[in-house]
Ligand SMILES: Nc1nc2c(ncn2[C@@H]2O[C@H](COP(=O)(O)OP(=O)(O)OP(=O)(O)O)[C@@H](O)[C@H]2O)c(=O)[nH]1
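Next up is one chain by itself, shown in structure tokens, the form predicted on its own.
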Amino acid sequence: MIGRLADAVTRGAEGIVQGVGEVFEPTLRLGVTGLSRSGKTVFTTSLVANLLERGRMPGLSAADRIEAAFLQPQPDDTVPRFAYERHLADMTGPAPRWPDGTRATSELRLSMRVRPTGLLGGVTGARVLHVDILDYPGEWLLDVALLDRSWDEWSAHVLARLEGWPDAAAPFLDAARAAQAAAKFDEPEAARLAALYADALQAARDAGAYDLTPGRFLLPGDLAGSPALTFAPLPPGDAPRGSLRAEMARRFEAYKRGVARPFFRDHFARIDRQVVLLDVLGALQRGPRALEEMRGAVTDILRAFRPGRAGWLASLVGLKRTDRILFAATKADHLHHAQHARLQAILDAMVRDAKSRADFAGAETKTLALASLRATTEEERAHGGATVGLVRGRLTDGRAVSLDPGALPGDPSALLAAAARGDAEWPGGAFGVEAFAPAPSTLRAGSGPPHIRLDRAAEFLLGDRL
């Protein structure tokens, strides 16, 4: 407790120094997160590229007042730099591919020199805004649910959930039931159970599960193979000193103390704005249960933030709150634009509980259907006496196609009701979504990669500060 108090005092003093500096060159910390396959790396790369070259950003009101934008060394020397140049090269050019997904925390600083408006604009001159972008896996945010649970409570919760994914979790569940948990601790046995548990989490995620903890079991980063990740849930029973069950419980507490709490403390205390990306189309394709899992995960993720507005004095001493949160449904380019409003309506319905909590706390929230990197073009053809909207692009297997992606339901409540009931299939039949590859392109001078509504996202997240 004394150590925590001393650490808090130190961070408070550092916050005062940082706050005074930000009066002259303000800094906005933007968090970018989302669950697996939501497009975090693509979003961050395309956002930076389109802020550096603003030809495709008509929805950003301050675009014509940005005199210069440039990348600088990030302020946190212990956080890896976001590999912007490599990811941009992957996404664009004659043989593009999707970049590797986010597997650990990374950061990038984008600085913009902005010409002010109003009567004082000609007197004060341009000012600088630093935007520190923090990219991190959304799976790690789910660990916030661990902080208030004991190992026994967490084990009971996880085992009950895995029972609902028998095809994915059967090998681990059989091993957990057969484990001699009251016997003397054995490291190889602990490693075997932890590996089976990690495999079960991965298989469950592939099947559509989202509430999977600890998040580092899916994306271990530099903790792979460490004792901090060598534990697993077990059925209830005796836990004598030195037993397998007692050591599993100890390592669970060590994970919370040494991994989960520092992550939230070090990163979330300073986030001003947050983007939560969701692959809604992917969840629809996996079925009703996957959509319900995603809805619940978004609500849990919001618990990791401190939404609301911090007063100017609180900001000066380093006490910040997340005052704007954007929920975005990605891959909108996989649908004809006539379906985008329906995709956003489904997103609105999914995140309603999470948005209500944030709005009540005083944060501004917004939902968007967007494509960070547009991989398709649209066309319309006459068919059967009607005009059909098509999307044309190259699939990840190399085939060039022009297809009708179909129509999303007009009533999101019917989808959410089927998801809440746990229906095995959608009432109107399955959704099919093709996986498109990035289109070959050559970036024009002054323009970033093509996108859909990324400028609106930037306006919501940065417009008032520019």
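Position 1 is the first residue in the sequence shown; the rest follow in order. In this text the structure is predicted, and so the values were computed from the model without any measurement.
Although it is not shown, the form predicted together with this ligand is what the next lines describe.
In short, of 209-217, 172-180, 283-291, 133-141 it is 133-141 that has heavy atoms within 4.5 Å of this ligand in the model of the complex. Highlighted residues 40, 102 and 331: every one comes within 4.5 Å of this ligand in the model of the complex, counting any heavy atom. Using a 4.5 angstroms threshold between heavy atoms, residue 36 counts as touching this ligand in the model of the complex. In the model of the complex, at least one heavy atom of residue 372 sits within 4.5 Å of this ligand. Heavy atoms of residue 98 reach within 4.5 Å of this ligand in the model of the complex, making it an interface residue.
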